[in-house]
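Form predicted alone, single chain, as structure tokens, below.
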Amino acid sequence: MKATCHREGLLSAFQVASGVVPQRSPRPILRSVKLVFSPPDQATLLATDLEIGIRYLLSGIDVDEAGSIVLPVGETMSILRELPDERINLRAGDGGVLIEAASSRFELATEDPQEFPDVPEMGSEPAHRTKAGVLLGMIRRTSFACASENSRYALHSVLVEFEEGRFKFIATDSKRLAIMPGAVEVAGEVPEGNWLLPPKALNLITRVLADPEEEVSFVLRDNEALFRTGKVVIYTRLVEGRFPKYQDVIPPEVNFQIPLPVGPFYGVVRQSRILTNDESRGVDFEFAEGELRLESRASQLGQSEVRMPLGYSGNSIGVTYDPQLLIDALKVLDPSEEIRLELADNRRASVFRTRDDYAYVVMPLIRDR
């Protein structure tokens, strides 16, 4: 095998693939990537941890001899970062791989490419299609709400639900719930049901979607999912487990509807968080006619009061929130848009809604007032 590659393009592919490669594995070969070369200019990078995998089509390649090589991720990325050359040569040698530039030469010990696990490819089955910007919005507005770990429910996942002709992404950690639908061109018959995607796979998808207008195709099977862009295919096994009945936490009645500008609201919530700590993390929100007042206090830190004009006319209501739960959602929204806070009372779940049907549900903190 012998090929000439564009260094920056190869480095970019390795940086994306590093999001898949495990730090530790009983199979050392998984800490590497596989490169498959086909004349005259075809090359594909493969990486997998056996649960998630990526196939990355490389550009800027001149292939002199077909073949495959396996390269360790860490060492290869360090070489690619440090070399000043625009073009480098890759060549399979006796028991290793040579990386050659104008004035540098590295010989890396490597493993048999035949031992590298395959990464599934999308077949000829009908695939659903959407814009990259739509998919990014669905991921970014939900995946942050996943639990870091949970043994009872499959909360460390994003639920993909197909209902009434459209897809929705849903995530929760039992303190908050994020729901985001997206415009998807549905292919064929989709069974009513749901699929659980791991956050690691979704984070990998966000790293390869640069153009919001690019088309993304995806298929959802019984135990796996695949996503394809122009040059990347991402494979993931689905999370096993039971997702809670999230609909039960959304109050059926609304007694207060309060409009909130995202940018200014984000700013005052961040201010209110400054004088909080683990023992006193709650901030008191007082929604009144024409004004929002936020109060926080913490022993050995002090107390604060922050005010914001409010386009609201109605009865006053006070609610206590963990400010970090609000910050997590507000920072993925457009600062120029408006959200609507819906409340039944100050003890049941609060629902923040946007005009594009995003819903973010937060459980208030209960304490004596």
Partner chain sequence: MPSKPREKKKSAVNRVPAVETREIPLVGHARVLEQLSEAITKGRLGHAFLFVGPDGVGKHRLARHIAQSLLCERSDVRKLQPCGQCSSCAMVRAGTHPDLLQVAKPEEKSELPIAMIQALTAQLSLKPARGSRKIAIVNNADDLNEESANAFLKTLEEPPPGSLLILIARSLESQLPTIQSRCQVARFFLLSDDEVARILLDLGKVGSAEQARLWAHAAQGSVAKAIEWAKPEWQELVETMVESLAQQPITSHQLTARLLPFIDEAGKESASKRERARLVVERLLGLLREALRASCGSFDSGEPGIPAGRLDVDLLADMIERTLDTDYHLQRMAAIPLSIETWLDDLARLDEGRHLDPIF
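On a predicted model such as this, the values are computed, not experimentally measured, just so you know. Rigid core: the largest C-alpha set superposing within 1.5 Å between the two forms. Positions refer to the first chain, counted from 1.
Just so it is clear, the following notes concern the form predicted in complex with its partner chain, a form of the same protein that is not shown.
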Using heavy atoms only and a 4.5 Å cut-off, determine which of V306, I29, A43, V319 is in contact with its partner chain in the predicted bound form. I29
Heavy atom within 4.5 Å of its partner chain in the predicted bound form - the one residue of V269, A92, V184, L159 that qualifies: A92
So, a 4.5 angstroms cut-off on heavy atom distances: do all three of R24, E51 and P117 pass it with respect to its partner chain in the predicted bound form? yes
4.5 Å heavy atom contact, P72 to its partner chain in the predicted bound form: yes
With heavy atoms only and a cut-off of 4.5 Å, decide whether L238 touches its partner chain in the predicted bound form. yes
is_contact(S148, its partner chain) in the predicted bound form, heavy atom dist at most 4.5 Å: no
Partner contact for A109 in the predicted bound form: its partner chain, 4.5 angstroms, heavy atom: yes
Based on heavy atom distances of 4.5 Å or less, which listed stretch (121 to 129, 80 to 88, 219 to 227, 184 to 192) is in contact with its partner chain in the predicted bound form? 219 to 227
Only counting heavy atoms and a 4.5 Å limit, does any residue of 246 to 282 reach its partner chain in the predicted bound form, and if so which ones? none
Threshold 2 Å Cα movement between this form and the one not shown at N277, rigid core reference: no
Once the core is superposed between this form and the one not shown, does L71 show a C-alpha displacement of at least 2 Å? yes
Displaced residue check between this form and the one not shown: P26, CA, 2 Å or over, core reference: yes
